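Quick setup: one chain, the form predicted on its own, written in structure tokens, and binding and motion questions come after.
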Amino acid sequence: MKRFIKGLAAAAVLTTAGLGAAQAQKAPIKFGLLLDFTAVYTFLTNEYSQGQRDYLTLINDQGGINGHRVEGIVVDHGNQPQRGIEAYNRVSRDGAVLVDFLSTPVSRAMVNRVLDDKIVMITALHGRGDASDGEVFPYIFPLMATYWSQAALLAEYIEQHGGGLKGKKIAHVYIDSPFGREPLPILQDLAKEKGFDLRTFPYASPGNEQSATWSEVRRFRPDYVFIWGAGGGQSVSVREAIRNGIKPDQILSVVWLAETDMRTVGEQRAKGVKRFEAVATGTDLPLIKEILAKVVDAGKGAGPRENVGTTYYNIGVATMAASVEAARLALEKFGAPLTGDKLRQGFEMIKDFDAQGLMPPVTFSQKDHQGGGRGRVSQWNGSAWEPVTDWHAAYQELVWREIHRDSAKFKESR
């Protein structure tokens, strides 16, 4: 495994080769891509990291960011905060201006440190939802819809397309962890406001055994079920729901439900399941087509071709596309060298950026580091995820009430 990770780091640095001598004289921009390749997040990390590195290869082959190549420094922290701290120490000493841990335990452990060091930390689809409050967390950028925003949008889908929320019975089936419980305040507020019956059904981590939980869900006889887990537990949830008489089109998932999960359940059996979607999927997208033509098919890809266009690959591409855009804006306004503070301001200058249709338009400001909270609902059609709504945000007044409530507690404790 160590040899594999060293290979990842080498590949990330080698993507900078091919720049002209004049460009190579400019200081490189360093991103610390410090991920979990060996423990909890393995269900997505390889595809996510491959998307990040392929995008950086594309950028470097096009001349970098205003002539500055981007070095993606890839390290495995194994979802262990202490190893994450050690990796952070190494890359920060080496001049990294951005870090991505893709791990809630590690990123939470690093909050105070990155705020003190003034290094940008991106936390797409993990970490603290209240870090959306840029006035309290100036160097942390969730980038995409928080779990609060995801739950709100799924509930709104039922209101708009499922005959309304009033009188409905909705089950929230979740892994018994802070992640699984995170949507509850939003759902509870909406239940009071919209008049639906919300019941919660936790199951033990990692979610391989859920049969007792779903027996209870069956007795509740819900109109809709939210499933809130990740990795192998998600396919177990879908399978158990169907086995207990819940139709696929009654199942709505957090973002962590991918193509591989549908194959595990059975592609046709899972037809109709819906999920929150943070990025568009597939290869029929301008940016993904460009990566295929100029990176993957040119023999410079960081992994298997079949991963290109998957949910987690495209999320990885989107994180780097937004980060590179922030760096570009910062360099254009403030010049080199790029610092964490300049990069922060670069993010806050991003307006309606969608990476050529790959993601919903995001706009950041000093106050909003979530980017607007947009997403969409997609449905499994038996072979692929198909969007059934446009990009939009829902019930953001409730979401921001939760963000400000938690960020105020953090500010008081810091």
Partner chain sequence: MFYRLSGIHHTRYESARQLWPIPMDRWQIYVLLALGLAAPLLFSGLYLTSYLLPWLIMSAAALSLTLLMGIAGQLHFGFAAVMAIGAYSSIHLVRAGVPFELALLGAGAIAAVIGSVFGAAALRVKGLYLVMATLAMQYLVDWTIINVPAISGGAQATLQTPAVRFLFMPLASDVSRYYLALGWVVLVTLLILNIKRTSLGRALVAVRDKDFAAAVIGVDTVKYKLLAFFTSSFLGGVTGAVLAFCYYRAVTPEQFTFNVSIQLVAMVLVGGLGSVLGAYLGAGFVLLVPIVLTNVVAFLAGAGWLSVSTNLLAHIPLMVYGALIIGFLLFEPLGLAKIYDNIRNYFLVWPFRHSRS
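Everything quoted here is computed from the prediction, not taken from an experiment. Positions refer to the first chain, counted from 1.
Beyond what is shown, the protein has a form predicted in complex with its partner chain; the following relates to that form.
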ask   = Contact between N66 and its partner chain in the predicted complex at 4.5 Å, heavy atoms?
value = no
key: Touches its partner chain in the predicted complex: R181 (any heavy atom, 4.5 Å)   = yes
message = Check Y313 for me: does it contact its partner chain in the predicted complex (non-hydrogen atoms, 4.5 angstroms)?
response = no
query = At the 4.5 Å heavy atom threshold, is E86 in contact with its partner chain in the predicted complex?
reply = yes
query = Looking at 335-343, 101-109, 285-293, 212-220, which one sits within 4.5 Å of its partner chain in the predicted complex if you count heavy atoms only?
reply = 101-109
query = Check D116, R128 and P185: does every one of them have a heavy atom within 4.5 Å of its partner chain in the predicted complex?
reply = yes
ask   = Of E267, D197, D176, D249, which residue is found within 4.5 angstroms of its partner chain in the predicted complex when only non-hydrogen atoms are counted?
value = D176
ask   = If we check its partner chain in the predicted complex, which of the residues in 56-85 reach within 4.5 angstroms of it by a non-hydrogen atom?
value = V74, V75, D76, Q80, P81, Q82, R83, I85
